[in-house]
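Only one chain is included here, represented as structure tokens and corresponding to the form predicted alone.
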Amino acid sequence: MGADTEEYEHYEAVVVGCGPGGAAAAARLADHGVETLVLERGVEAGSKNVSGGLIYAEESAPYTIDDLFPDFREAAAERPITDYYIHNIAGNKVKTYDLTDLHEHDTDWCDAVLRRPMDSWLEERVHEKTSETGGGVLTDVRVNGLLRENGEIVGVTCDELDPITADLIVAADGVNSELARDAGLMDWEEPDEWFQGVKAVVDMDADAIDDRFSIDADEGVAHLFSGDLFEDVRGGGFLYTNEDSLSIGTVFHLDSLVEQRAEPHQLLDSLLTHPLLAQWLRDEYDEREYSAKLVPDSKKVAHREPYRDRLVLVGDAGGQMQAQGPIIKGMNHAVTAGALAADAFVVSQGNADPESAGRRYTKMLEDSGTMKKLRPRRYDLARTVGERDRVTQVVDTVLESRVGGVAVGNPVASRLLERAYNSPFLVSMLPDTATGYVTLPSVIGEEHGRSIHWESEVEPPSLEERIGDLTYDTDVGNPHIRLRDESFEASGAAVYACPVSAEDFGGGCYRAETVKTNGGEETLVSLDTQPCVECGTCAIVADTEWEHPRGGKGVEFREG
């Protein structure tokens, strides 16, 4: 866009998105006295956001969320997570390992959170802080692109407002960042660079949580699940205790979902109805909310130089989500990145070079050790051999043989495996293959597991019911996704990989239909964006034009 930008409103800093990364950036900028405007596309911060979700305070991190917002834990978190387990499942046999050592490594504290109450609380604090600098928070505003002058990024453009110029632009607009893509810093080309997470928030009385999970009111527990309950799809499940609810979900490599033609809602149901969960869920199942999101695989996509001109990327927009086996950390890195980006801008003020803040921010990410966590070099080394198909086939064949059973099935091996699960060094180099997510956990479950005899009485809602329970403000006449190619070959994967679609369900976003053609038949894909949960899956697996709905429109999550 070429324009006389002097006519536009100007701020020292514009932050796009008020999740933890954006809130941290805005709060830190305000602490420095920088005039800061925050633009949030939801009706309230958190209404568009979903996470597992645990937020960590790492001992080694330069910033934690309670450094910036001292009342955070008391006011915005659910429960501290004090116990951490992984369950290796083979049919109805389960072997459980205590992962508390891994969980507590470099951890000051860790709390379960729900994004709507958390982010909306952050929004209020950020608005108070930024208002004192002459800025504030504006909701219902979708930033749709970057404003350029003579080819240089100088601001943002919006659906609802005139363009705004700024000396610093912080893109904290999430995993489907339109600003990162506009700047050429993100693409949606490769499914193996992404995870897809699907979650149910389940209602449960606080006293029932304490009783069924054997914890006190000021304690919480995290359970992870892997093995054969998801058949051959690479990934796993989780259960986190909130104050008066449970967050139960699944996270899978997106390429594996596509290869296996697996439907996300069915994989979630496989977890919910497994006999292991019957001890906690019993015969009461009240699902408050169904949701989904994409997760960038930081090992592959965390941007090493997350800036261009005056633009810096933080959080999911910069690929800063650490998902390495049982290590799942994202919001803490977003907080660190947001605060460092703010500090970098302040240190660089007065420098005429528009990229000085971005370069300083990049150096701070490196010097703080954040990039080493997001992109461990040992993983790059391990994957060169460990992710070769032939290697995986040989390893899995051996593990599933009698020899593998004997090797894994002895007591010494079990103790060594528990130590390996608790080793941050080994976990961070785990190759993204079926071996670690499916084969080995299944063998462990088979060889060391105890049989579970509980019977699940859970009847999860149908996909139609889940969609019907969500809140939407549909932007009638303005679909935010358009199919460019309706052939099944180009866009058919969306019919089963979209978390609100299914091959035998005609009420979701995507559906397939066989039509008569001259001399034959053809299967075509059609799209209805009304039930969209805005995860972005179809932008990767189908041939689409994808953008966020206008400010305040689309799905509104109440739990997140």
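Residues carry their position along the shown sequence, with the first being 1. Keep in mind that what you see is a predicted model, and the values were worked out from it rather than measured.
One more form of this protein, predicted together with a small molecule, exists but is not displayed; see below.
Screening 126-134, 74-82, 193-201, 434-442 for residues having heavy atoms within 4.5 Å of the small molecule in the predicted bound form returns a single hit, 193-201. At least one heavy atom of A334 is located within 4.5 Å of the small molecule in the predicted bound form. The small molecule in the predicted bound form is not approached by E355, whose heavy atoms all lie more than 4.5 angstroms from it. When the small molecule is considered in the predicted bound form, I65 lies well away from it, no heavy atom lying within 4.5 Å.
C18 belongs to the set of residues with a heavy atom inside 4.5 Å of the small molecule in the predicted bound form. Using a 4.5 Å heavy atom cutoff, L39, L54 and I328 all lie near the small molecule in the predicted bound form. Among E447, D269, E178, D343, the residue placing a heavy atom within 4.5 Å of the small molecule in the predicted bound form is E178. Only one of the listed residues (L146, L257, M321, L229) places a non-hydrogen atom within 4.5 angstroms of the small molecule in the predicted bound form, and that residue is M321.
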